[in-house]
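In structure tokens, the next block holds one chain alone, the form predicted alone.
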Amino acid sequence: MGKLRRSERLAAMVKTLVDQPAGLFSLTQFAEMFGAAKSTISEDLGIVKDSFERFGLGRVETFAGAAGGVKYLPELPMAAARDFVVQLCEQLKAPDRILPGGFLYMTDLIFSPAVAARIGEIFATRFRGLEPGYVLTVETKGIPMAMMTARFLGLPLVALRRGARVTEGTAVSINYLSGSDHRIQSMSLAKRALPRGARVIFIDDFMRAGGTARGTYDLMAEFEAEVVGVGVFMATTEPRKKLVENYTALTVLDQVDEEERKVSVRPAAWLGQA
């Protein structure tokens, strides 16, 4: 490979950083990759850092010392997060999403790679300061959002099962009471999936009364793990008192009126006003 122009180095450098969010790269790695001096690489990184900050594309952080280097931390500005959630709410208000029984169809949105990625970026921005070590979810609808959250945080994803699987070895299982219909349900996790004392965040698609989140707290207690954050795509207004106190919802569902064919859904208050 011949000598690269700065524009070529910058393009390759950005691609490398963005492909591995929260991954640490040493200046030596980049210097060897591009055949350039470390001082040149430092100047290039300064340009990337300034550009990312200027356009609200996240942070590029550098760390000094022998074990230092550079990493890209995706962060979505609050205004951009709110605009995105407002657009989602408009889509969710479509009358044809109303299902029999007053349910709301939203699987197509949360399973969209583009939507799940942006949701993951919002949750990663929200929870990074809590310094979690793992991202948890419950099969199955929470998986796309949790996977993207884990990607942007650079963390492993752990999926809780509704029942034990012989292919995962010895598991810890609990029974918990569903907060919405008061049914007994089960939840399990393989012993080797999570180390003792881990700090975790829990990501799910929907919260009515918070029974699943409460069950997650109980299961994590068996692993001596700490749940430092809970994020859900949608929470209902009622019941107002949930089984967990601290959670972050992106949208709030006030009402689904089957007769009038109307859906009342809005961005959560923490996202601020437009």
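Residue indices: 1-based, along the sequence shown. Please read all numbers here as calculations on a predicted model, not as lab measurements.
Beyond what is shown, the protein has a form predicted together with another copy of the chain; the following relates to that form.
- Of the residues given (V263, V14, V252, A22), V14 alone sits with a heavy atom within 4.5 Å of another copy of the chain in the predicted complex.
- This chain lacks the partner; the member of L243, L27, A36, L57 within 4.5 angstroms of another copy of the chain in the predicted complex by a non-hydrogen atom is L57.
- Within 4.5 Å of another copy of the chain in the predicted complex, a heavy atom is found for none of E61, P77 and A80.
- Using a 4.5 Å cutoff between non-hydrogen atoms, G169 counts as a contact of another copy of the chain in the predicted complex.
- At a distance threshold of 4.5 angstroms between non-hydrogen atoms, D50 is in contact with another copy of the chain in the predicted complex.
- At a distance threshold of 4.5 angstroms between non-hydrogen atoms, V86 is out of contact with another copy of the chain in the predicted complex.
- Taking the partner from elsewhere, A268 is found to have every heavy atom lying beyond 4.5 Å of another copy of the chain in the predicted complex.
- Of the residues in 207 to 233, none comes within 4.5 Å of another copy of the chain in the predicted complex through any heavy atom.
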